[in-house]
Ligand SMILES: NC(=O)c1ccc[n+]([C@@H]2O[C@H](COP(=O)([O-])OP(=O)(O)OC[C@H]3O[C@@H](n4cnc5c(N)ncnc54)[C@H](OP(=O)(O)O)[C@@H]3O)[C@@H](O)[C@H]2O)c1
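This document starts with one chain, in the form predicted alone, laid out as structure tokens.
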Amino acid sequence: MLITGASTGIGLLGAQLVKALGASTVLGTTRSPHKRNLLADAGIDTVIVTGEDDLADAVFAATGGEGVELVLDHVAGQMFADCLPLTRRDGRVVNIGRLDGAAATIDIDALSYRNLTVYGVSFGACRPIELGNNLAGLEPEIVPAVVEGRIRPVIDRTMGWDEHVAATARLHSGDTHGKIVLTIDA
């Protein structure tokens, strides 16, 4: 499988989740070459640095020319469109984030000739019943992986609420290695 924007906090969590669920090979993209070890530590088997590595060449090399079965896309924009021809026949593409914007121009042939299934997900806007079903689905396999430490939060740093402007700037800088936790004094 391929995770775009794998060095984001959600991408890092996604890598751990899919490994806990038994994914054999996980590829992940990042724009930052200095985040290679961060991704490897999260379970990414093949790190692709966009801007340095050719995405298609890297994906096909890692999958024996077949492409990936599943894409978890945190980037959207052109990256979403670029992932369609990298997905094997009957594969799935799930868009989760919009780091590069919400619009993409896709090649319909890349979608239909491969018989791909595309899902859009936004947990910030999901209905309560969907959220409840998603959380209930975590119990059998994910909760034990959390308890065992196979899934853990990746925290870049903890900052006080009064530092929220600096925290936002850090998030936008692309230098974070995981999530930023804001604390509130009593």
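From 1 onward, residues are counted along the sequence shown. Remember, predicted model here, so these are calculated numbers, not experimental data.
One more form of this protein should be noted, the form predicted in complex with the ligand, which is absent from this view; the next part is about it.
- By the criterion of a heavy atom within 4.5 Å, Val93 is excluded from the residues contacting the ligand in the model of the complex.
- The ligand is not shown here, but in the model of the complex it comes within 4.5 Å of a heavy atom of Arg31.
- Contact annotation: Leu86 falls outside 4.5 Å of the ligand in the model of the complex, judged by heavy atom distances.
- Contact annotation for Thr117: none of its heavy atoms lies within 4.5 Å of the ligand in the model of the complex.
- For the candidate spot formed by Met1, Thr46 and Val68, no residue has a non-hydrogen atom within 4.5 angstroms of the ligand in the model of the complex.
- Residue Val121 is the only one of Ala58, Ile142, Met159, Val121 with a heavy atom lying within 4.5 Å of the ligand in the model of the complex.
- Taking the ligand as it sits in the model of the complex, the stretch 1-27 comes within 4.5 angstroms of it through a non-hydrogen atom at Ser7, Thr8, Gly9, Ile10.
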